[in-house]
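Just one chain is shown here, as structure tokens, and it is the form predicted alone.
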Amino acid sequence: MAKWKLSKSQLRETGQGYLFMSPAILTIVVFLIGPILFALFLAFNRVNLLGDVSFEFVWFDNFTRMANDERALIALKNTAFYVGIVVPVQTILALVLASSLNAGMKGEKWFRVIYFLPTLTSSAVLVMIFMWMYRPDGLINTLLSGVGLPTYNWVNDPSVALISIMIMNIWATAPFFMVIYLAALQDIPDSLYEAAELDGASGVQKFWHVTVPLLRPVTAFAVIMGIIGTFQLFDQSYMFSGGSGGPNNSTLTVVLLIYQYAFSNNQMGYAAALAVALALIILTATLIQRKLQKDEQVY
């Protein structure tokens, strides 16, 4: 069996290549792979990082504890509800907005800028704006009362607090996916719509039977990115509730709970176990979506 050998020039070129890549490799190892491995280590230990640092190996105790942790179950339920509503709504809204802009409406360029502005706003500023709008005497309640609809205590009512965060995130995130949809829409040949029109298809039929099928790969991307992003909801929930997840745990999410256990209760091992469990949930949801959508080729 012949042995595969590299010449001196090939070894030199290989070494130069790795030398040029070394800053990126070092960064990935230190700031990505290293923290992941350390989090896995913490997940199987009872950790004390204050005073005398100690690690006590506890096998799977941190993971079995989740089944009896009422707040963990509440956080998972809130997060799942949030993902189940926000991801489909923001995806559909993004497609509708992109289709309206792609239809050649008057002032299209200005509408593109206006629609995309929420995405440019920082999360902290966005939360402050909406908390002002959600006040009992704020803009939203004023508009609702003006048209005869009931008003709500958007921030302090447990029944609507999480919904108020959903509305804010859908408004801020849908324009990002709108831009992706718009780029894909402009790549669809007009000949397909002309052929459908010759066959007697209406505008709705052309949208449903031509546009939607050709955008399936883009929709799959939007759904996967939406799932990953929504499962990691933290900053809005933290700011809305002051870090407590209230009122009555109604805005408590998994990532916020991880933060509380890690930095408020000094239970870093259990927090790491929750983080690992969340990563597995996100991975499972992503793999299921990829399994359901195998066609990843844009027209």
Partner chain sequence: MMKRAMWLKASVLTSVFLTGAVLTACGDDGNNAVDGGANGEGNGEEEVTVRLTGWQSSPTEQRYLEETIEAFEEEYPHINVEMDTIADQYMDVLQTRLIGGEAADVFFLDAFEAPRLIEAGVLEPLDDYITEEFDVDDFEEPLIEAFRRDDQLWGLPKDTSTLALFYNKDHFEEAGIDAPPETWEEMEEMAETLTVDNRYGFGVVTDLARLYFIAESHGGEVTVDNQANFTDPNVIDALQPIVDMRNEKEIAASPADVGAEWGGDMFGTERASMIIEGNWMIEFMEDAFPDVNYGVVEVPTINDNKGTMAYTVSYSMNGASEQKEEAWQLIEFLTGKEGMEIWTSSGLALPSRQSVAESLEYTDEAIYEPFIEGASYATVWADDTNLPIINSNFENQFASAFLGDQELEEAMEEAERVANNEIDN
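Residue numbers count along the first chain shown, from 1. Computed from a prediction, not measured in an experiment: that's the story for all the values here.
The same protein has a further form, the form predicted in complex with its partner chain, not shown here; the description that follows concerns it.
**Student:** Though only this chain appears here, would Asn169 touch its partner chain in the predicted bound form if you measure heavy atom gaps against 4.5 Å?
**Tutor:** Flag for Asn169 set to yes.
**Student:** Taking 4.5 angstroms as the cut-off for heavy atoms, does Asn45 touch its partner chain in the predicted bound form?
**Tutor:** Judged by the heavy-atom cut-off of 4.5 Å, Asn45 is well away from its partner chain in the predicted bound form.
**Student:** Within 4.5 Å, heavy atoms only: does Thr27 come near its partner chain in the predicted bound form?
**Tutor:** Answer no; every heavy atom of Thr27 is more than 4.5 Å from its partner chain in the predicted bound form.
**Student:** At 4.5 Å between heavy atoms, is Pro217 in contact with its partner chain in the predicted bound form?
**Tutor:** Flag for Pro217 set to no.
**Student:** Given its partner chain in the predicted bound form, answer whether the residues Asn78, Trp110 and Tyr115 all have a heavy atom inside 4.5 Å of it.
**Tutor:** The answer is no; none of Asn78, Trp110 and Tyr115 reaches its partner chain.
**Student:** Exactly one stretch in 68-76, 91-99, 194-202, 181-189 has heavy atoms within 4.5 Å of its partner chain in the predicted bound form; which is it?
**Tutor:** Of the stretches listed, the one contacting the partner is 68-76.
**Student:** Go through 125-141 residue by residue and record those having a heavy atom within 4.5 Å of its partner chain in the predicted bound form; state none if no residue qualifies.
**Tutor:** Sequence-ordered list: Arg135, Pro136, Asp137.
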